[in-house]
Ligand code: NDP
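Take a look at this single chain, the form predicted on its own, given in structure tokens.
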Amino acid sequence: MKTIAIVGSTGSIGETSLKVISKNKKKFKLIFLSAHRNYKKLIAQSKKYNPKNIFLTNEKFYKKIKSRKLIKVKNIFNNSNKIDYVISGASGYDALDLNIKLLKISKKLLIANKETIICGGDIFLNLAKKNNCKIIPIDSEHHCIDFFMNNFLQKKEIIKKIYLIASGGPFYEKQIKYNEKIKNVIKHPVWSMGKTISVNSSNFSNKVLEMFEAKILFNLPPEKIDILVERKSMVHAIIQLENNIFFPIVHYPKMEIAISNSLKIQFNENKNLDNISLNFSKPKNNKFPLVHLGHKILKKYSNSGMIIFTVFNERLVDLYLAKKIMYGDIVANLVKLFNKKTIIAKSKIKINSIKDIKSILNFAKNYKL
């Protein structure tokens, strides 16, 4: 029996993970569940799934709750026994510190938080090696690439290009209004996701983040990373080799597949490709200018530029969801900001330590948008 734990169990990744685990109860011992501050839902999950411990990662909120059912976060990280699988569904760039701590208690860290990979960069990956923790991406695109590389590829050098496949979001074939309402923006055509990632999907900032993540995870040069659109979300990545043989990686759009694969268990569901047609297209830069900006950051700037984009984008999306700016302001501001000399200079700074990461993060957090 393998030990397993979930950080962010009340979110979409956490809930999907619990569904997978509940179907394979005899294979796993649930060590802990955690939420950021959703105490009521965490308690309900605790009653249903019976983990050994539960805790809140928001310490200020934990102190307000004053519940004997919760343990302190530090007690989790004081445990010397490593957990076989830790699933991190924590969202946003602020999850970096938490995910660094999880490296110390995890044999395998299943991570869906692209912001941690981007902001942590090679520093985070090297810390994982130092702590004998294997990083397993469970974003569908990166999971597929990782699966292909580990099982079918002998030499990474024969890769000509990797295409990350986007659904195109709700506006790919429609006119985009500058003052688009939130309910229309988060209406994803295929996936059921949280509000923030749905907004990111609608303007391709999510795919820009995924390009950054792919560069870091797989150590790829910028010219080997690109984006294509396939509206049904059946294809998640395409690997093009130097001999121009293409390998599309296809699976139904269900997070259970990536999570099950990563946990080495079968996802049993009868599916086939009958009557499914696949069409690919390139997103237009004039309609989705963040794609062009993403390539620019990849080619011209260091990891600092990726971090700054990540933080600026999250801050702008939060402002939009709080109805403090209009939908079109997200993209307009990002493009404008990366034309400023101050931002360009900061985006070229090389990162050599966690201290450097914190410095860039603080700059991006506090910069006046």
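Keep in mind the model is a prediction, meaning the values are calculated, not measured. Throughout, we count residues from 1 along the sequence that is shown.
Just so you know, the form predicted together with this ligand exists too; it's not on screen, but the next bit is about it.
Checking K108, K215, K114, H236 against this ligand in the model of the complex, a heavy atom within 4.5 Å turns up for just one residue: K114. Comment: this ligand is not present in this chain, but in the model of the complex one of G92, P289, P222, P170 has a heavy atom within 4.5 Å of it, namely G92. Checking 357-365, 344-352, 8-16, 21-29 against this ligand in the model of the complex, the stretch whose residues place heavy atoms within 4.5 Å of it is 8-16. When this ligand is considered in the model of the complex, I307 lies well away from it, no heavy atom lying within 4.5 Å. Of the heavy atoms in V86, none are within 4.5 Å of this ligand in the model of the complex. Heavy atoms of N53 never reach within 4.5 Å of this ligand in the model of the complex, leaving it off the interface. Contact annotation for N303: none of its heavy atoms lies within 4.5 Å of this ligand in the model of the complex. In this stretch, 229-266, the one residue having a heavy atom within 4.5 Å of this ligand in the model of the complex is M255; the partner itself is omitted from this view.
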